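Take a look at this single chain, the form predicted on its own, given in structure tokens.
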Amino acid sequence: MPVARVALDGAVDRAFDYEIPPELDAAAVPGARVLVPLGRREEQGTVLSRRDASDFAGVLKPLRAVEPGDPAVSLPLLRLALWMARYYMAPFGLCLRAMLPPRMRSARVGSGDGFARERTISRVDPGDASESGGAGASGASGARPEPTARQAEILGWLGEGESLLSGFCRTWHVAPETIRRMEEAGLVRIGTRICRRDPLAARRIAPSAPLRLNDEQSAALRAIVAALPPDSGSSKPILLHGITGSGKTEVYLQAIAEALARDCGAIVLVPEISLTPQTIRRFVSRFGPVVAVLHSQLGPGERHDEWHRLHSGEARVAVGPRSALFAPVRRLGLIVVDEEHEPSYKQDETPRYNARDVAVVRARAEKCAVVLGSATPSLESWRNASIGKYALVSLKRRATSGCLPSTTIVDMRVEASPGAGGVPGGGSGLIFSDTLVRAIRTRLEYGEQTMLLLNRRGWAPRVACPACGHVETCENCSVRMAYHRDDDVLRCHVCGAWRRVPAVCPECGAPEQRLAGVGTQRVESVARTLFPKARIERMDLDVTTRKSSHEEILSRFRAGKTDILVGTQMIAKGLDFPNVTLAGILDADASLCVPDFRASERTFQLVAQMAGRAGRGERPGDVIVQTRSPDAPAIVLAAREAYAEFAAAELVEREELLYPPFSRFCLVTVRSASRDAAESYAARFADAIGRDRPDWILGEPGPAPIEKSNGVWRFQISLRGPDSDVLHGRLRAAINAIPANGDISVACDIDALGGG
């Protein structure tokens, strides 16, 4: 009897052999979802391969069930999951689970196809009465009775074809009981059909035509088209470096049009949910129903149906954030990773993959083109292009407006000096400089829009006692709690815990608490005071938890119903509003102060990306950067969008210190409910890794930046060196030498984005 090798869905890092019963033989192919026995319980998994016999000496158990239809995971995706498991040191089953929609992961194999169904009604031709199920009404002679006047009226409304039963009854005010009697009489047929849960059903998106490309865009399009199959299925990845507003999206659209003309599909990745509505609108307006949407704010049913549209070939273009990379697009021809530098492409739980890098691996496996686009590329991609590993295509001028916005750097140390202007933030320094206030008022006078960035949500980042200095911290996490004025509570931005502000200091009993620092809620409040006639909205995690909230806020802003949009980094990327002529960055230093080797790179990217929101239409734009470090290279060069100059200097420093892209970097995190246990195990793990090679740098084990999270203590070890195979070998040797037990867990984050 043939044998199936199955990877279970759980975090079990091995596969199991099962017999394939004859009745399941045709369906139990590689990639199929199966239900199998494991001990006294049943588990779900995916068939990896088939073989004639097993190496297992005992008696094999048979498969219990196989999901009918085409296999859920294609052979290229199976191979990709295997690569991910090896490279990111993750259980193979979890890598496979990451490729499936949530409903398919949770639904029991064989329990149904997961589609919603609706009842339909259609009229029956007299000649078909014997097949209508109305035998009781036809009598002994088999003749169908003549419809009553009311029934004839209903048949007239029904017309030809099939109608939705509930909608028909609601529209024509017909009782369901009347329809049932007509079915018994053989006059109508009640059936069922699959009902698509369409995430775009409530939207009206007008079609759009391709725009005329300038010379740079045309050259970029030619480079991408030359890499599409079947012309060049093994081309290098393409790094599309285009300044903000240079028209990268239009290049993507026309490249996808060419891929579709060649009977190929495409995947488009965007980094943030906030970017998804705008991207979806542009792609659906161009390509219509062949676009499928995949992101976490869809309901499980919507994600299930969109996934199956791609799996069946009905849809050919997948659009969404990180997980859309695994969309089952048939004959994949092109993968686009927009804003490829964004850290949100890195998964923060097992498997800890980077969608940008996995996109390159999938493109290589499927022999399709891959384009990484950004105005501020990651230094890894930039160096790959500089050494010829990637092909570099540049867009150096804006597609619509003639020039970049004018940027002013405001030294907030000077603004805060005695006699200077500016708007105080209630004991927390200045929020708005005089320069920014005047610029906003000018925009309001001319009916133009402003975007203001502060990458901290809440009202105040910390609450402190002015008498003894005690700071309110989370009981579950080693972080300060932020004050949120909307609901008058302290909130932990790590675990979500909340509590009321204490009436007195819990340490010294002082009656007053000081709200220190500035968050987006406070910025919004001060802006309403300064500009009482302005229409102001805020966009951050606190106001975008509801489904479609991102789109609603951005739609009002696009329609000109909002004058000033205040937000965190989610407003700094990829958004295109032609009427925005002013972008203000309120605290450009925030990310510079983080103890992270990527701090300068992230600061440059955030400032440059936010600056790119202004002046994208016909009117020129201005950018005002408020900072207490006006001479920091990351801020000065970002203000000029001088990426190449910044990258050259930063790469010299990275190479001297052996940081990526000149090394492979891993961050090992040890977790335990006991601080002492986590610290002790981390020390032993570091010893097991060893310091015997001078070309490798092993960091001393120490507390993670957030030492305690959700009640769990965390210690970290960084490891960096020149060779990924050596990295994996040293880590696996350490794991085998001192296996985790009890409540100890170890996570190895390969190609970690932060720390060190």
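Since the model is a prediction, treat every value here as computed from it, not as a measurement. A residue's number is simply how far along the shown sequence it sits, counting from 1.
Same protein, other form: the form predicted in complex with a small molecule, not shown, and the subject of what follows.
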Checklist entry - Wondering, does Ala259 line up within 4.5 Å of the small molecule in the model of the complex on heavy atoms? => result no
Next on the checklist: With the partner left out here, check for me: in the model of the complex, does some heavy atom of Thr244 sit within 4.5 Å of the small molecule?
Outcome noted: yes
Checklist entry - Is there a heavy atom of Leu213 no more than 4.5 Å from a heavy atom of the small molecule in the model of the complex? => result yes
Checklist entry - With the partner left out of view, is Thr581 within 4.5 angstroms of the small molecule in the model of the complex by any non-hydrogen atom? => result no
Item to check | Candidate stretches 68-76, 307-315, 248-256, 220-228, one within 4.5 Å of the small molecule in the model of the complex by heavy atom | outcome: 248-256
Checklist outcome for this item: The one option of Thr400, Ser163, Thr669, Thr435 with any heavy atom within 4.5 Å of the small molecule in the model of the complex is Thr400
Next on the checklist: Only one of Arg522, Arg616, Arg362, Arg598 gets a heavy atom within 4.5 Å of the small molecule in the model of the complex. Which one?
Outcome noted: Arg616
